[in-house]
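As structure tokens, one chain now follows by itself in the form predicted on its own.
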């Protein structure tokens, strides 16, 4: 594991003046001393920088990288941290995303805390690796800065890229601000590396809307992080001295029990997420709901359900709708996998109409719109309160979702409440009257 100072052999090289040309660091630099200067400070960081700082504070051992916008800046920041001697980690530049994820899986299998990431089609190019990583219970972490798939072939933000992998057994959740990005990376490692769970994590943020827009990020002390996130120890790490076997290929008759175990692991994750979220609050003094952020839901009749950075604009809209006398509210999903069925049912137990804001594509699905509404509708169907549910396709291709579009969605929900039925399962915002 990487230590809080550069290992002795590295320090010896640096103090002799060797390696300064390729590392670009000051001889004898002490990582803990440099990071101590940041203790308790607030920095203005965008989402990509916040991801990189989180990996720095998590003291990751192996970083595997392959560039694709908008996530690339994360790896650029990390390479600079290594060059400056702030982070002692192996940095592997792969020849593509499949190799990138394979290398991260290999590193994690050997007991290293591995960090990687991607965007858009880069995520799909590595698809073969996701299920084996989760099935082998190797808790590597992946930073996702969302980007559209092709077509339309632009660089705009959509959640479709990460959501394509939603059933592969990874923990998955979206952060709405750079501060939450930083915190969620640390929390993700703490949850995924718990020996009761051992699952990989996708820590997602909206491309550009979060990844490239700056916000205040409060940085903790190294001591705080080390108490919350102890050194990682994989119980069955690959080791030539103690041979073990890894791999998803098993006899057919062994398959159903293995798949049942994988399904149970997602159920186990629910309680661990609750526990670690509470521990995070105690450690850092910043509180997050374990699964659903509730905004003005106490008496809300029409409720937006969504995830990601557009929730910031949605909150502003809800306040304006309240001024008009419309009892609006918002429920933001903090984690999407595992899906928080019971928490969402409780949060929406007074809602009359729910509008799911989709920034993704679920072409040909039950709603003929997005992916998110399918889980939301199923969760609410089994609850005591069954509000009307419609969905809104918005923000696709990286478009903004301005207040006037959220207002249009709210008006549709009010009409449904007055009529007693939804107009249709899915609306395409900006293309309908």
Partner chain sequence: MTQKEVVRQHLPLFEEQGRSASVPDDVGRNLHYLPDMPEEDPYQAGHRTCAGCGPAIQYRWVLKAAGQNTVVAGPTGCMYVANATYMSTPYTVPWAHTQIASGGSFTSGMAAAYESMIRKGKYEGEYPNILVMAGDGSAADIGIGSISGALYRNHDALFICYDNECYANTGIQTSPTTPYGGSTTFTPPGKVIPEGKKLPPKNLAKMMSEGHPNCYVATTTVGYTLDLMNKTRKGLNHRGAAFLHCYTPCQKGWVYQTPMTVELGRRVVESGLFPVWEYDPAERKYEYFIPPEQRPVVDYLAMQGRFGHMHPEHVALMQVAANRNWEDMGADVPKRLRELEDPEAHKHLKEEEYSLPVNRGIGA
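Computed from a predicted structure; not experimentally measured. Numbering follows the first chain given and starts at 1.
FYI, the form predicted together with its partner chain isn't displayed, but the following is about it.
Considering its partner chain in the predicted complex, the lone stretch of 307 to 315, 88 to 96, 330 to 338, 72 to 80 in range is 88 to 96 [heavy atom distance within 4.5 Å]. Between the options 112, 219, 344, 197, the residue in contact with its partner chain in the predicted complex by a heavy atom within 4.5 angstroms is 112. 103 is the sole member of 321, 225, 103, 361 with a non-hydrogen atom within 4.5 Å of its partner chain in the predicted complex. The shortest heavy atom separation between residue 60 and its partner chain in the predicted complex is within 4.5 Å. Its partner chain in the predicted complex comes within 4.5 Å of no heavy atom belonging to residue 252. Shown alone here, residue 270 lies farther than 4.5 Å from its partner chain in the predicted complex, counting heavy atoms only.
Not displayed here, its partner chain is kept clear of residue 278 by more than 4.5 Å at the level of heavy atoms in the predicted complex.
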